[in-house]
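Below you'll find only one chain, the form predicted on its own, shown as structure tokens.
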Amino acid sequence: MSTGRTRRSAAGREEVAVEDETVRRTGRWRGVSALALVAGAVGILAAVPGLVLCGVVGIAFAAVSRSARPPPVTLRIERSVSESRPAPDETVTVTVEVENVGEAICNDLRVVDGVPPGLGVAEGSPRFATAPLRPGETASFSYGIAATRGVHRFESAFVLLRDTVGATERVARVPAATDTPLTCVPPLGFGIEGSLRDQTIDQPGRVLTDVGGSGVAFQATREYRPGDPLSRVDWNRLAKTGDLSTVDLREERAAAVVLLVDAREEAYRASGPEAESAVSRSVRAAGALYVGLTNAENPTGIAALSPDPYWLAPGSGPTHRAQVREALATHPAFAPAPPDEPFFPSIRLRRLRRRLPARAQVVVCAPVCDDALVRLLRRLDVGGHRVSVVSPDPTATDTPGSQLARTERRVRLSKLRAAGIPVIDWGDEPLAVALARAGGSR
């Protein structure tokens, strides 16, 4: 990553926005006054001119340090990125230009750019230092960040200016002159078809039901009724016994499915500081399941269990799929960072029930890290909407606390299973492997 500087006329200087400005002493010259006085006194008493001179010089330094003031924050920051809509894991080069639009020289300037939360630095460093930066002069530096899902906004840059002798410093946050958000919209991924429960709608599909009729799976034989198709007559039985009977097959119908992503603050858990959060894994699972379910002719919708609600009714088709992809990547409900607002489960559950279509089943993508979610899913299941759970495991085993959290989560999963709710416990393996291990893949 590079650094540089240019200079332009000081004419047309402008006001700049500054946040959280503070002036503080560095402590670099602490104790100089006392040492200077001691040296001067000893020099006088011992009649040593050198010590007297050292004392005088020390007192002069102390006076200068006490009267020194850092220059005002008159910096204009411009930020640009090499790609505003990068692909996942693509390295985006960020170039920051710092211009001194004031009239004072910045003798010691240090800048830390406000990297968006949730993004990591892949190349170079967002830290920069230069001295001096004269009025009208511009310094620049660049670094690289790795793009991940979501809309990412840079924070204000942290700047530090010191006076000539370094006795005091002024710190502040300076926002960039223009906003340069990064938007990363990953693909929905390969389709993964999870195992659905037997709650279906009156549309042909691929979910086996207990309704007898046309289909591919045998259900029972019954007495022949006028109008039954000849293809379903049990000819073998007719040949052996002379009885005319009809074979009933289990009908296959479509299911209306809503993929519910748990994006409450409690769900933002990860097994380590650098590990992917459970919400990000849930969003990734929802995208893959959506593709698989809609490919199997099941109308599928998306919803968020979050303080910032999101709802997209079950559907299919290219337009609906594009809406799902954009929402999972950019809607605040699925943001990579946890929400700040409180979540009221009863209110959100009531609103979700009002929106759910009749006979729609719900596939919940959630780490199940609290008991409140268990109660909510039970209420949803007994309320007439069959619930299944895909649960990314965010727990670790490196500390006794982590082991306790893992045990508590397993107890919650057991409670859900005891209530008749199928649960896929998704560890570090790919989701397709977890579904296959649980017998859910087809």
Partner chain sequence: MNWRGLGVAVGVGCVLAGLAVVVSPSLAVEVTPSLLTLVGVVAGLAGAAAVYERATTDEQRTEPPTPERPLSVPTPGTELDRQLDALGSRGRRFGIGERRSIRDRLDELAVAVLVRDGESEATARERLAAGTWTDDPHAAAFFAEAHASDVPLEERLRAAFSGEPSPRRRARHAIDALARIADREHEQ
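Quick caveat: nothing in here was measured; it's all calculated off a predicted structure. Numbering follows the first chain given and starts at 1.
The protein also exists as the form predicted in complex with the partner chain; that form is not presented, and the subsequent description refers to it.
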{"query": "The partner chain contact in the predicted bound form: P318, any heavy atom under 4.5 Å", "finding": "no"}
{"query": "Contact label in the predicted bound form: F158 to the partner chain, heavy atom within 4.5 Å", "finding": "yes"}
{"query": "is_contact(P273, the partner chain) in the predicted bound form, heavy atom dist at most 4.5 Å", "finding": "yes"}
{"query": "Contact label in the predicted bound form: L352 to the partner chain, heavy atom within 4.5 Å", "finding": "no"}
{"query": "Contact stretch among 323 to 331, 79 to 87, 194 to 202, 170 to 178 - heavy atom within 4.5 Å of the partner chain in the predicted bound form", "finding": "170 to 178"}
{"query": "Listed residue (G118, P72, P357, G136) with a non-hydrogen atom within 4.5 angstroms of the partner chain in the predicted bound form", "finding": "G118"}
{"query": "L51, A63, V57, L37 - the one with a heavy atom within 4.5 Å of the partner chain in the predicted bound form", "finding": "L37"}
{"query": "Within 384 to 409, the residues that have a heavy atom no more than 4.5 Å from the partner chain in the predicted bound form", "finding": "P394, T395, A396, T399, P400, G401, S402, Q403, L404, A405, T407, E408"}
